[in-house]
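The chain below stands alone and is given as structure tokens, in the form predicted on its own.
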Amino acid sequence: MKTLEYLIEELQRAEELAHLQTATERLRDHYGISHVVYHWVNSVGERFGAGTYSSEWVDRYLEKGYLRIDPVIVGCFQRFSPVDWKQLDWSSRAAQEFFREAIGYGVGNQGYTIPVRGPSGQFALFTANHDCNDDTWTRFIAANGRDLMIIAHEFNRKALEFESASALLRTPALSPRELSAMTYLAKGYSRARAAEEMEISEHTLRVYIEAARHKLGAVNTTHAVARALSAGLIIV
């Protein structure tokens, strides 16, 4: 098993957003927990995410607009210190139904979220998530909470590097993997088929798509594909 120090060094060497996705998967396996997720909002309000939740849950979350009622998002936005999910307000009927549905999609019943803030309004959340009883989770956080804080800030430092590099680009320059993702989508492939063709997971494909969308200044995936085509970056 790779050591935590090695995983952090690997994260520091990341050269594109998709590497953050790989990092969440490796950290999940390192700690033996259900999920690791990093979600951030950049300085101009664009949202990005890397993590191990199922594609089905991510799609459901976006479809239902759960961002507005998610107690983790609502509860952590005004906080600066790490939060155990048990400390959040789950008392409303909407929050309780949301939590039951999340668990049904494989989200664990325990969570620990670290808010991170950067310059010019940049904001991020790093979450460790697992399915276990309260005592087991309390011991896990006591043993690993400090390391999770360090990891959260390393993720955010790398995200800020990507944002700064992107801002310097006058014309979009997509990586080969980002170009492949855009090309398959332009051909009408489903995300599942595109991921299969690229021999990557749908989670990783999502990161490539979001990275391309960000570089292209597009409001959604369809817009990103259209801009890539019009700019001559991809040919179908």
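This one's a predicted model, so the numbers in the text were calculated from it and none came from an experiment. All residue numbers are counted from 1 along the displayed sequence. Rigid core (definition): largest C-alpha set, two forms, superposition within 1.5 Å.
This protein has a second form, the form predicted together with the DNA, left out of what is shown; the following refers to that one.
Contact with the DNA in the predicted complex, defined as any heavy atom within 4.5 Å, is confined among 51-59, 203-211, 65-73, 27-35 to 203-211.
The closest non-hydrogen atom of H39 lies beyond 4.5 Å of the DNA in the predicted complex. Residue contact check for S175: one or more of its heavy atoms lie within 4.5 Å of the DNA in the predicted complex.
Under a 4.5 angstroms non-hydrogen atom cutoff, the DNA in the predicted complex has T221 among its neighbouring residues.
Put the two forms on the same core and the Cα of V225 is off by 2 Å or more between this form and the one not shown. If you fit the rigid core between this form and the one not shown, you'll see the Cα of S54 move by less than 2 angstroms. In a rigid-core overlay of the protein, S34 has its C-alpha displaced by under 2 Å between this form and the one not shown.
In the predicted complex, the Cα positions of F123 and L179 lie at least 3 Å nearer to each other than in the form displayed.
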